[in-house]
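Considered here are two forms of the same protein chain, supplied as structure tokens in two stand-alone entries, structure 1 and structure 2.
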Structure 1
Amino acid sequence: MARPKKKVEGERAAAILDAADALLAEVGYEGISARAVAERAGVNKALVFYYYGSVENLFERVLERYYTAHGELLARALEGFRRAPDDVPLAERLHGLIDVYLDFIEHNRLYARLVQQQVSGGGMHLHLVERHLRAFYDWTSSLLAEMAPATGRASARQLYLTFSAAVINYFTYAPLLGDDVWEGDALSAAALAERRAHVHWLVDTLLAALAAEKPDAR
């Protein structure tokens, strides 16, 4: 019995998207081509253009898929943060929020690299990066506004950038830290657990500093 045409087309389109994702991790955007994607996906090169129009559009779809998954996870985490019982300490709720972010980056390590490539190289998809960055910034800074002022050294916007960098930058530099620097694999399970504990400590330290700050000194 023949398989439904829509199902076959959906599987082909998904295979092309997955192939592009895998190749981006291996060779980066500059090294990717429609032929290479087609070969990895096991389809004719013409189908890459049929489903996505161009390699540029295909890359945008890969990036958009990461952003969609990231946004959905973050939205659920923020909702859980807001609905947490009053007796759950703020630090514990923030740890949970940070853990969602860490989990996503740990399992989608290409995501941070793709975004940074676009920013550092002035890529053609900066509009996509800017749109999603603004959404994430608005969500998290509004949340942090409950504990921090709008401007100043301890402001919500500064905390957003600090927490974001603490998560993403580790995965940028960890692959470059060899045994002579890190004394082991910086991306091993033990190293990632250590990093998570460090970010939790950073949250606790900043919360303690915020609690000790006088309003007029912020």
Structure 2
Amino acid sequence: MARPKKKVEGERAAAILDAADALLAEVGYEGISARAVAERAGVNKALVFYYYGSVENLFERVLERYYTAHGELLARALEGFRRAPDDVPLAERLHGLIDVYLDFIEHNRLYARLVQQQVSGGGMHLHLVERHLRAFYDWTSSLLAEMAPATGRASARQLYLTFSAAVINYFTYAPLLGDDVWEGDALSAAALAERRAHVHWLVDTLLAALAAEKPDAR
């Protein structure tokens, strides 16, 4: 159990992971070559393969780090509801989940691009994406199922897609509309606050509509 074996355990490995993350953010999926990552991390190229086996695997580790972080935040939020005095209303729970989602993306700006890239790029790491997307879906739709039917125009599955699209698509599309549309940066604090308010308004409006048409159930 010799702990202070060398410098710090896995220092180089972590540097490589961080370099890959940073490069991904700057140059995108294309620009993440073993050489570029190694140079960025100040490390020999062979170390990338020594620690991660392949560039693909390295990339997958970066992805997974984001996914597990996101998943843990959501799980913690759900756990909070469960421990609460047992009657947190559905709307409040949904708002909570959405705030967690928005907070996470705002603090990890790369995340939205990374996920969208994988989903739309026909990337080879789709199994990872599928697994996490499915988990998020299960959590959210189990909430929505309390009010929404399983199928039809206002079903839980449709609502889930619309809500998550409303959150994540903003970060990839809004910046492209141009600064004049947002009177400045689409990712400025003011613009982000407006989007957050919009999504919450969206949830409230749709839930109200659901409640109104619930009696006739369709």
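Just so we're clear, the structure is a prediction, and the values are computed from it rather than from any experiment. In this text, rigid core is short for the largest set of C-alphas that superpose within 1.5 Å between two forms. Residue numbering: sequential along structure 1, first residue numbered 1.
Here the chain taken from the form predicted on its own appears as structure 1, while structure 2 comes from elsewhere. Relative to the superposed core, Asp99 shifts its CA atom by less than 2 Å between structures 1 and 2. Core-aligned CA deviation for Val181 between structures 1 and 2: 2 Å or greater.
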